[in-house]
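The chain below stands alone and is given in structure tokens; this is the form predicted alone.
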């Protein structure tokens, strides 16, 4: 019986993928690329490894394999931990709305194809939303989050039954006639970026892993991707500051009787430790190594609000917790949201009180 259940699970996931990347949709995407000369790629604010990885992979495929003048436009800076995916020679193709809004919007305005990656809605691009939404160019979505904004796109490749946007893009690119399922035909940088994006979004195969995820990894390895080099860049290239602030946070970590753990990083803490964007990636996963912890919450202060990251073990929904208390969403065991300062939340003490009340109510 157990073997039958496992086989049924694998078959269901394969069927879901086949329903997303159909021959008809692949042909339509191929024709859209053939008709395009200037494409713009974008992703959600605070781009993580999957966002940067999928954008970088598609950028190189479009430029090297399809001869398209492709550019990446992001709301703010790329995540520091994946900066190796944007070598110096690629910098002219990356534009950041936070530092040069006019340049980013001009790139969007002159593009004849818009592709949104690792993002289910233009609203998650924040400052770029108006320019992207207002573009007259055809729009394509390649994503893996719940509730995609279907009405805003001409073509959609999206399902939550996949590890990452990078894995979804891998499937889409393999369906292109010039790749024809052979990962070795992908540009070398694209292959590395796809492996990197998938690795970060699965926390190095620790969560959101499906049968196709391992198949993707195997095919990329066979194509020559050096996974050891990627892991070294991702996990063995941190600054000392990251470890110092990690020790500080773990020392102040709070465990609740209901089986939750939370850590709060304020702006004052970040300034004291000299922490840059992206250097706290993965912190929220650490408390789940404690046997009794079934829900981990990490709050990081930003301008006027706290970014909230939630992770959970099976049986507890990080997604429902984020949606109910932090206007957020995501996946069942990995989600996020925001907690804004308000009339009732004006200090760190109020933030702690709100969080503890939410944890008690949700887990009880």
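Positions refer to the first chain, counted from 1. As the structure is a computational prediction, the values presented were derived from the model and not from experiment.
Note that the form predicted together with a small molecule isn't included here; everything after this is about it.
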Exercise for the section: Would you confirm whether the three residues 309, 330 and 337 all fall within 4.5 Å of the small molecule in the predicted complex, going by non-hydrogen atoms? Expected result: yes
Exercise for the section: With the small molecule left out of view, choose which of 242, 133, 124, 77 has a non-hydrogen atom within 4.5 angstroms of it in the predicted complex. Expected result: 124
Exercise for the section: Identify which of 145, 294, 189, 185 has a heavy atom within 4.5 Å of the small molecule in the predicted complex; exactly one of them does. Expected result: 145
Practice task
From the candidate stretches 35 to 43, 59 to 67, 322 to 330, 22 to 30, select the single one in contact with the small molecule in the predicted complex, where contact means a heavy atom within 4.5 Å.
Solution key: 322 to 330
